[in-house]
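The chain below stands alone and is given as C-alpha cells, in the form predicted on its own.
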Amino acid sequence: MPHATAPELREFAERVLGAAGLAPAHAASAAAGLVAANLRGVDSHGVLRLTQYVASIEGGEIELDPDVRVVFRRGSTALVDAGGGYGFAPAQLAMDTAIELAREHAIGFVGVRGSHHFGMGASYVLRAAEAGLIGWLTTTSQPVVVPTGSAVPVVGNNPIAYAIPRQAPHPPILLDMALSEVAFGKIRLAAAEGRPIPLGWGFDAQGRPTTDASAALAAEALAPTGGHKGSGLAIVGEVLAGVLTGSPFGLASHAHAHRSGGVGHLLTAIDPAVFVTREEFEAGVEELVTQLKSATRAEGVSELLLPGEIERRTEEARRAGGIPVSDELTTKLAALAARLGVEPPAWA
C-alpha cells in the first residue's frame, strides 16, 4: 500500500478542506482529527471521510466559519454551541470545559448542540485521561441502526467512548465503540475498496442481511451490536446527546447535513479522587490490569489485551513507518485533489 507520514496527510487534508471552503482554523482542527484516527488504525474515520466532507461542504450543509462558544456554565455543567460546523473544535472545547469543571466540582458534564461529525471519539476522552481524569462521551448520528423488531433504521450508531487514566508511564485504558455491530465508516471503507462485509454487519434496501458493502451503504441500515442490548443503548444515546442538548434526534438527526447542525454530543470528565484517594484509585486500576493480564488464556490466545491497546500499538507503528492508504483510496483522493487544485501527498 502507498504510505504517507502523519504530518503530510494532515497538511493534505487541511488544504483539501480549506479549498472546499472551510475557514482555516476549522480546516486545521478537522484535518488533525481525521489523521488522528488514521494513526490509531481507525481508518473508517480518517482521510477516507474527505470526499464525504467536501460533498457536504459544497452542498451547503456545513457552516464554513462557525461561531463555536460556551453558551452557559451552571455548577458542574455547561453547554457549547457548535454553530453548525463540524464537531472537532466544539468537542475539544466541550471536553476542555468539562476538565475545568471537574477540577472545581469533581465532575464536568458538558453538552454540545448544533454540531456535525466529530471524527473519532477517542480523541476527546484521551484529553481527559491525559489531564488525569476519567473521560466519557456519547454522540448522536444520522439514523442508520435498525432497532430490534424494526424493519428500518430509526436511531444512530451513537458511539460511546471511555478513557481511564493509569499510573505513569502507563497509557490510559481506552474504549471507543459504536453501538452498531460496526461503525458505518467500516462499511464505507469496504465499499470504497471493493471488499465484501461479514454477514450481520448491515442490511440491503429490502431489510435483508447482506455481505455486499455497496448495498448496505446504499440502504444505510446497520445491525445494533449485541441485538436488543445495543439497540437499547443507542436509544438512550438519542436522549442524552440529542434531546438533552437541544439537538436533532432520531429521524431528524444527521452528522453531515442541516446547516444549523444535525447532531449533539455529550462529554464528561470525572476526577478519580472523588470517592477514594488518587493513590487508591491508581493502585486499584493497576491491580485490575494485573488480574486481566495474568488470567488464564483461552486456547490459541497469545496475549490478553486491554481496550485500546491494539490501537495504541498501531499508532506507534504508523508514527514510525507512515500511514498506509489503499490504492483505491489514493486514486479517489488524487481525483478530489485535482478537482480542488490541491497537490496530493508524495505517496511512498
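Numbers for residues come from their place in the sequence shown, where the first is 1. Superpose the two forms; the largest set of C-alphas matching within 1.5 Å is the rigid core. Quantities reported herein were computed from a predicted structural model and do not represent experimental measurements.
The protein also exists as the form predicted together with a further copy of the same chain; that form is not presented, and the subsequent description refers to it.
Although the partner is absent here, Ser150 is a contact residue: one of its heavy atoms lies within 4.5 angstroms of a further copy of the same chain in the predicted bound form.
For Val110, a non-hydrogen atom is located within 4.5 Å of a further copy of the same chain in the predicted bound form, even though that partner is not displayed.
In the predicted bound form, at least one heavy atom of Glu181 sits within 4.5 Å of a further copy of the same chain. When contacts are judged by a 4.5 Å heavy atom cut-off, Gly226 counts as touching a further copy of the same chain in the predicted bound form. Picking from 276 to 284, 25 to 33, 49 to 57, 317 to 325 the stretch near a further copy of the same chain in the predicted bound form, with a 4.5 Å limit on heavy atoms, gives 276 to 284. Annotated contacts: Ala129, Thr210 and Ala213 are all free of a further copy of the same chain in the predicted bound form [non-hydrogen atom within 4.5 angstroms].
Shown without its partner, this chain lists Leu189, Ala219, Ile99, Ile160 as candidates; in the predicted bound form, only Ile160 has a non-hydrogen atom within 4.5 angstroms of a further copy of the same chain. The contact with a further copy of the same chain in the predicted bound form, taken as any heavy atom within 4.5 Å, belongs to Gly232 out of Gly232, Pro171, Gly200, Pro196. Residues from 281 to 312 that approach a further copy of the same chain in the predicted bound form with a non-hydrogen atom closer than or equal to 4.5 Å are Phe281, Gly284, Val285, Glu287, Leu288, Gln291, Leu292, Ala295, Thr296, Arg297, Ala298, Glu299, Val301, Leu304, Pro307, in the order they occur in the chain. When the rigid core is held fixed, the Cα atom of Pro171 travels less than 2 angstroms between this form and the one not shown. Positional change of Thr277 between this form and the one not shown stays under 2 Å at the C-alpha, relative to the superposed core.
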